[in-house]
Structures are given as structure tokens and as C-alpha cells.
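Take a look at this single chain in C-alpha cells; it is the form predicted alone.
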Amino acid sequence: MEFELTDEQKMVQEMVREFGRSQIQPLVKKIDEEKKIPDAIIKGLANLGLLGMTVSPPYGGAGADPVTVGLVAEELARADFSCAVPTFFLVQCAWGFILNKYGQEEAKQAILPWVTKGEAFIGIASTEPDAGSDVASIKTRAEKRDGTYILNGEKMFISGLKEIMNQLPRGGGYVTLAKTDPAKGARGISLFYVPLKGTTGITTTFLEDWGRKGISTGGFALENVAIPETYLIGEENQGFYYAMEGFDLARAIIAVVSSSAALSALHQAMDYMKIRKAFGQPIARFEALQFKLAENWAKLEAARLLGYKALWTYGLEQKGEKSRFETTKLCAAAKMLAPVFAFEAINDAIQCFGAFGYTEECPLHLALRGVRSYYWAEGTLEIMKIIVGRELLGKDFIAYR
């Protein structure tokens, strides 16, 4: 077992840490208030080769391994514990990877270079108004006609919509789940890339989240939307399985992001504990606070390491050295624990600040609201528990069958 990073990974880690410290951290409150990641930060991430870094070099990516992706995500969350910038990063790493792995050459050449340049966004469109965790019940349909696919349906609670429609010069689109053989349920779902900006038949809706405001959320309706058959990702009716592979990667990254955001909040609380005095001494001397601090740090470190184990296993699975089921279990377990541990740790950190912690001037509320989004994003905590239980007990004991 080896915990040491490679020289290249250390270099990447330090590079991103410095970028986060100088370019992102001073703007976190502004990002939340203005509900937008500044263009300069997006361009800076692209110039460092971080956007879509899982994409292969021919399309502008670095072909980065999952652990290195985790290191970048950790540093971005350290800098922006509201989780807007880390989410902008991780979503594109996960779904850029899926398009890179399973997409057709024509589509990859047309889409991925703009993603890695920071000029287009790629995300995931799975959730619908009446279908979230139960992916097999989606209603969006895709019908093949004369060299195109015609899509009808609606997607909701999707990240990155305003970035595509209003901010990035090339717009972007979504890896989108749609049924091509509805009678088969999950086995009749296919995966497509659907460009949004300028596409006839797309109607967008924007939502206001109460956290992680720097990256937008919304939905879009598809009415007889025609996309080329080259935008089919992988084989027809295999989309559910490709999507689960993308969710696994995103979940493992989320575990690292959650832990890092909370550790950043914890460090701010520790600095305050050392200077704030009560009863004639720094409150850092009080065991009540020390014990909470110790418990939260240990939980976060455990969740962080489980996230990295999941990322490491994901990398081995891609090489055929680990099973998909073992990988899925670890990714789900990491996401099952990390957001909860993070939320609790941040909440305790806020308590250390006393009444000041409940004011807008105390920035830790940004972290609290940010990590709370990960209770749902890329799969609810309840679904994570079902996945872990399924892999531990076997498919004969699946609760939903």
C-alpha cells in the first residue's frame, strides 16, 4: 500500500493550490453573491489544463487518472468551499470522460476541444420532474429517423444551464439519457450528447438554489429536437450502464470535495478558537470544543481517504484490474459518508464562532449550504445506501425488486 504521490501529482497539487489561493479564494463571496464564476477563473482553469482533464490529449485534455483528478478537486474545494468551482470542474471531468470513452469520433472532435478550452460546458441530464433516483422511469424518448434522432421530453435540476446559454462562447450541452426502447425499462435507455445553445426545440428554465450559487441550476424541455446519429454515445440501449460509470466517478470526486470544503471550514474555526477568549483564556483550551474538533477531523480524514480509495479503484477498474461492482460499492460508500460528515463538521465549526457565526460576515454558511447539495447530487444518500447494501448482500436481497 502506497500513500505517496508521484512528483507529477505533487506538482499539479501545488499548482492548483496556488491558483486557488490567489485567484479563487478572494472571490468566493463575490461568486456566491453574483451567482457566477468569473470568466477569468474559467479561463485560468483551462489555461492550467484542468477543465475536462480526463479527456484524451488529442482532444485537448490531459488523460488524467482519477486520483490526480481528486487532487485537483480537493484544492479547488479548499479555495472555494461554497463548492461552485469544484462542481463546475468535477461535472465536466466525469461526463467529459464518458463522452471521450464511448462517444463517436466525429462527436468527440466537435465537442471536447471546446470543453478543455473552457469555451463550452458538458454536463449530465438524467433527472426529470418526475424521475430522479428511479432512472428507469424517465419519460424522455429518442426515435431514430433518417440519420437523426428525434428527442422529446424534459430534464430538470441540471447544473450549468446559464453557463451554457449565457456565459460560455461555445455554449455546450449535456450527456442525456433517453429511452430508445421503452418496453425494456433501464435496458432500453440510450445516451446522447444534446447541444443546447441554438438548438431548435429546446426551451430552458432556470431555478434558484439556496447554496452553491456560483454554478446555475435549471431544466430544459425537448420538443422534436433533432440531433445527428453521431451524437449517440456508445451502443443503443446501453446508456444506463454508461451513465452509472459516469456517476461512479462523480461520486468519488464529490467525497473528496466535501471533505476538503469542510476541512477548510474547520481550519478557519481553529484559527478563531486560538484568538477568541472566554473566561480569561482562548476557547481552544476548552475540551468541549477540542473533542468536537477531534471527532470531526477524524471523520473527514476517513471520508477523504475513502474517496481516494474509490478513485484509485476506479482507475484500476478502467484497466480491467478491479471489478465494476467493487468500484461502484466504494464510490457509493464514499459519497454516502462524506457530505454528511462535512455538513456536521461545518455546522460545529460555525458554533465555535458564537453569534458571529450566524451573520453573513462569517463565510462558513457558504460551505454549509454548498456541501448540503451533495446529499442529492449524482445520487441521493438513500440510493448510496441501497447500492452498498446490494453489493454487500447480493442481488437476491435488493429492496426495490
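All residue numbers refer to positions in the sequence shown, first residue = 1. Remember, it's a predicted structure, so these values are computed and weren't measured experimentally.
Beyond what is shown, the protein has a form predicted together with a small molecule; the following relates to that form.
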Within 4.5 Å, heavy atoms only, which of 306, 124, 164, 266 is in contact with the small molecule in the model of the complex?
124
Note: exactly one of 133, 290, 205, 323 sits with a heavy atom within 4.5 Å of the small molecule in the model of the complex, namely 133
Taking 4.5 angstroms as the heavy atom distance cut-off, pick the stretch from 191-199, 273-281, 212-220, 313-321 that is near the small molecule in the model of the complex.
212-220
Among 102, 233 and 237, does every residue place a heavy atom within 4.5 Å of the small molecule in the model of the complex?
no
Would residue 20 count as touching the small molecule in the model of the complex under a 4.5 Å heavy atom rule?
no
Would residue 138 count as touching the small molecule in the model of the complex under a 4.5 Å heavy atom rule?
no
So in the model of the complex, is the small molecule close enough to residue 71 to count as touching (4.5 Å, heavy atoms)?
no
Wondering, does residue 157 line up within 4.5 Å of the small molecule in the model of the complex on heavy atoms?
yes
